[in-house]
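Only one chain is included here, represented as structure tokens and corresponding to the form predicted on its own.
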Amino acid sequence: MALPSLTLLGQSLLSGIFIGALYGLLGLGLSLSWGMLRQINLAHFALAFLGAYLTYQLAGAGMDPLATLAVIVPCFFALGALMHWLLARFSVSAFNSLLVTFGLTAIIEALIQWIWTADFRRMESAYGEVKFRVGGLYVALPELLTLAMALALSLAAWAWLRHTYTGKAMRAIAEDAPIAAAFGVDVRGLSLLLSGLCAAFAGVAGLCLALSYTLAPGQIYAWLGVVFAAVMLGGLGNPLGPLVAGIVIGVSEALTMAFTAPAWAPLVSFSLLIVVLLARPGRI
């Protein structure tokens, strides 16, 4: 087997970091809702793709892709809060929330297919044409934007949970909601806030998907497995965990493709997950 060149290895490493950042961004909302609200909200994947299609539509109407966040983020925040209200209203358990939100995912996929059809869609923007050269390596602007947004949102969420009153109250709710309520914490309001933020994160991830990838409704499920693994490896309720785990998975996949065949790459994420579970069974 011929070894890849240093240039190919360097480019693979960069690609792995960028795709890993997207894994982390896609998993951020799922990790927080699962770890802190005890809701396994698989609809975050569908919301990310809905955000991608809305970005595609608004950009096609003349809006700057980044400016579409001014429309998408508030709408998704309200949608996320509504989803949490419905799940809490009917006292849906963690396991049942997985089933319910998987159904919502199928509904959103059907809605996307009804509006935009099952044809592949590609957003053309000025961002996609910008590439930077660093030595013999090339970096596309959309990938840099994805990494920057993933880092900014993950660090902001970590700082909010760690250093603000509302963040500390949210952590108290995650530990023991009845005791937190007894000490005057607004459990209902903060839960709605966090759920809205998680959905807004999915909307931002949708922008990054639209900037870099061709869209098709059925691709929702192609991202589910690897992001799910990144969330579990990174630790539930940890804003930085999915980003770190996503980059580890992304780099591992990219280097696997560089040394072997692309068909081996999908095995990496779940192999890492199995190893971690066997070595530290109490991690998840």
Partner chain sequence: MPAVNHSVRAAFGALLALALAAHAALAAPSGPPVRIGSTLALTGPLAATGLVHKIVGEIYVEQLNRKDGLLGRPVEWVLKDDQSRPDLARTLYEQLITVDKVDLMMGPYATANILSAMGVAQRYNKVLIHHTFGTPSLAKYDMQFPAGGLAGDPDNTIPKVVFDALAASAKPPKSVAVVTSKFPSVHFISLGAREAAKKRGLREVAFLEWDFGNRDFGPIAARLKDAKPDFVWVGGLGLEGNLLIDAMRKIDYMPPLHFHLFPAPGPLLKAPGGENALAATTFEEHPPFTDNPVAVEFIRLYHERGAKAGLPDTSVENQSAISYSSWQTLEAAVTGAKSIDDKAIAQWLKRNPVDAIVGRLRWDGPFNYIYGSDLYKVKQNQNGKWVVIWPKEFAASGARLITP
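Positions refer to the first chain, counted from 1. Predicted model, so just to flag it, every value in this text is computed and none were measured.
Unshown form predicted in complex with its partner chain; subsequent notes refer to it.
Contact annotation: residue 223 falls within 4.5 Å of its partner chain in the predicted bound form, judged by heavy atom distances. Contact annotation for residue 117: at least one heavy atom lies within 4.5 Å of its partner chain in the predicted bound form. Using a 4.5 Å cutoff between non-hydrogen atoms, residue 50 does not count as a contact of its partner chain in the predicted bound form. Its partner chain is not shown here, but in the predicted bound form it comes within 4.5 Å of a heavy atom of residue 131.
The partner is not drawn, yet in the predicted bound form one stretch among 42-50, 59-67, 231-239, 249-257 has residues with heavy atoms inside 4.5 Å of its partner chain: 249-257. Although its partner chain is not shown here, in the predicted bound form the stretch 37-67 places no heavy atom of any residue within 4.5 Å of it.
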